[in-house]
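In structure tokens, one chain follows: the form predicted on its own.
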């Protein structure tokens, strides 16, 4: 992903690639190179430290690494607030998925969730992915759960009494199933059901280049959005 992002930035007429940072490199090189925005596609174990370092450097951050929690995001909000109080406005965008089709699928799912009795999510990825469920699926399930709660819906019907391990992860009351299979890149199915009908929203990413329009959009937008923004849908015109 890092190499693909670098190529996309180099090809963008309104951007200049000024630094490439790999594992073990000093992030101070980012500011020294004059970067306004840094893009983080690393791993969950280091991404939070990277973003805090970028905030200290006064560099905006676009983050595609998953594994963030409410607690770790809260630490970012506090850090960004302290930086703003010092007079430096920094923006951070964390996006579980930069694929425009994936963001649209999540948005459609959140709008549909209030109208269906049952909802489940299946995410399918390559076997080198280190986290499960994916950040995209977790974000999707969370948005579905929020919409269901606002609509006054209860739990999806489920008579399971044993074998709960086969029912997937429970994300805010929405079941999420993770598949890891050679040949896949990134895919998601969102299933909704009522008696006598079913709605399936399916999104497929076949190549990492599919994420680049979203990454470039995030880079362009984060500089004018101080503080923390979670989800690419919040910088897209989806009203």
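Positions refer to the first chain, counted from 1. Remember, predicted model here, so these are calculated numbers, not experimental data.
Keep in mind that the form predicted in complex with a further copy of the same chain is not shown, yet the notes after this line are about it.
With respect to a further copy of the same chain in the model of the complex, the three residues 26, 83 and 135 uniformly fall beyond 4.5 angstroms at the level of their nearest heavy atom.
Residues within 4.5 angstroms of a further copy of the same chain in the model of the complex, judged by any non-hydrogen atom, belong to 193-201 and to none of the other stretches in 193-201, 32-40, 65-73, 52-60. Contact annotation for residue 179: at least one heavy atom lies within 4.5 Å of a further copy of the same chain in the model of the complex. Although the partner is absent here, residue 21 lies well away from a further copy of the same chain in the model of the complex, with no heavy atom inside 4.5 Å. When contacts are judged by a 4.5 Å heavy atom cut-off, residue 146 does not count as touching a further copy of the same chain in the model of the complex.
Remark: residue 46 does not count among the residues lining a further copy of the same chain in the model of the complex, judged by a heavy atom distance of 4.5 Å or less. Contact residues in stretch 150-189 (any heavy atom within 4.5 Å of a further copy of the same chain, taken in the model of the complex) are 157, 158, 159, 160, 161, 162, 163, 165, 166, 167, 168, 169, 176, 177, 178, 179, 180, 181, 182, 183, 184.
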